[in-house]
Ligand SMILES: NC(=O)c1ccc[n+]([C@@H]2O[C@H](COP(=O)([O-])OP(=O)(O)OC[C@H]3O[C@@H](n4cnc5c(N)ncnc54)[C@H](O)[C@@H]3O)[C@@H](O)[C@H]2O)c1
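Heads up, the chain below is alone and in the form predicted alone; it's given as structure tokens.
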Amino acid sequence: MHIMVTGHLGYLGTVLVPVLQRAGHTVLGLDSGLFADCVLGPQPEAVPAIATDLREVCPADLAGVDAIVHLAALSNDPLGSLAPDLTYAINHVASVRLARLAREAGVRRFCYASTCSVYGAAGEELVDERAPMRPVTPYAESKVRVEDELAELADAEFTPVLLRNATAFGFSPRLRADIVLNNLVGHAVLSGVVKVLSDGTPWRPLVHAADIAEAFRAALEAPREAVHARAFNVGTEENNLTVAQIAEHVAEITGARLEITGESGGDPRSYRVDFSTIRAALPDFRARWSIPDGARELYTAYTGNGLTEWDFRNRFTRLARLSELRETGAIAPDLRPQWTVAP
């Protein structure tokens, strides 16, 4: 299968591409390159790619593509709150436009990276794919809008698949430090303290980046009738933990001191997720990474590759990275790159 991966130079895309290649697929990347050099450790291998902003995709870009994995987005709640108009323009409008172009170009399967944060303030009861949407951020709201419009595009020739990923964790050569487990391990390595600014009580479902990659592979390869126009939560119930419980694992593995300050108050994003639907529909998929295993992997990667305080807070934090690019003129105010990107 010839698969386009949008956002292939991002945190998840860098993990996904080799998974698809090992499964025998050919990969075409599409990325504007905003985070291409946010690398910790050896440089990942390049793949054939189209260097363009998601908003600039044209029909010719999709020629010969059998399926699309759509990862590209402004993927950060604080960033979405800072620039909600851009979040909707990129995450919602450009995503739906891509799907329409794909259907017109004869792309048969469109696997969309949604999020379990669409459930928002769901509380302590396990929620499955039938639960009401309660998004509490522009980022999550943009995902709900795309899901609704993708479902309307489904027909006999075009199969959208909606993968609602739990909060990602784990090492990727193109690192993100602004997601909960990655962030807590980074603080532990750099300061000797695992600091939780909230009260630690919100529930979070977590899933390793490698497990997300395997879920996309399985969704691409599954029979059409198993996945057509369906939503799937991606993760495992074992990784439904409170922020405090996640932090306790990090402290135990790294030997750092745990501090739960509560200075930022409560967090309305609290939800526990049921993942039985994807296990039933895609029997060869299982989320295998535990949170302790991920914390050990991150600790080894951070210490072994010389993670620095500056990189942790700037290169590997989405909001800080984009702010720097805007201030230096490397990207326009609307986040369009002002450079030519090598694939």
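Quick note: we count residues from 1 along the sequence shown, nothing fancier. What you see is a predicted model; the values in this text were computed from it and never measured.
Keep in mind the form predicted in complex with this ligand is missing from the figure; the text below concerns it.
Item to check | Candidate from 137, 167, 270, 183 lying within 4.5 Å of this ligand in the predicted complex - any heavy atom | outcome: Going through each option in turn, the one that passes is 167.
Checklist entry - Among the candidate residues 243, 131, 179, 251, which is the single one with a non-hydrogen atom no more than 4.5 Å from this ligand in the predicted complex? => result Flagged contact: 179.
Checklist entry - Does this ligand come within 4.5 Å of a heavy atom in each of 16, 18 and 44 in the predicted complex? => result Spot residues vs this ligand: no contact at all.
Next on the checklist: Looking at heavy atoms inside 4.5 Å, which stretch does this ligand contact in the predicted complex, given the options 274-282, 306-314, 288-296, 33-41?
Outcome noted: Looking at the other structure, the answer is 33-41.
Checklist entry - With the cut-off set at 4.5 Å between non-hydrogen atoms, does residue 54 touch this ligand in the predicted complex? => result Judged by the heavy-atom cut-off of 4.5 Å, residue 54 is in contact with this ligand in the predicted complex.
Next on the checklist: So, residue 196 and this ligand: in the predicted complex, are they within 4.5 Å at any heavy atom pair?
Outcome noted: Judged by the heavy-atom cut-off of 4.5 Å, residue 196 is well away from this ligand in the predicted complex.
Item to check | Contact of residue 83 with this ligand in the predicted complex (heavy atom, 4.5 Å) | outcome: Taking the distances in the predicted complex, the answer for residue 83 is no, it never comes within 4.5 Å of this ligand.
Checklist entry - Closest heavy atom of residue 213 to this ligand in the predicted complex, within 4.5 Å or not? => result Contact with this ligand, no.
Next on the checklist: For a quick check, can you give me the residues of 1-22 that have a heavy atom within 4.5 Å of this ligand in the predicted complex?
Outcome noted: Residues within 4.5 Å: 7, 9, 10, 11, 12, 13.
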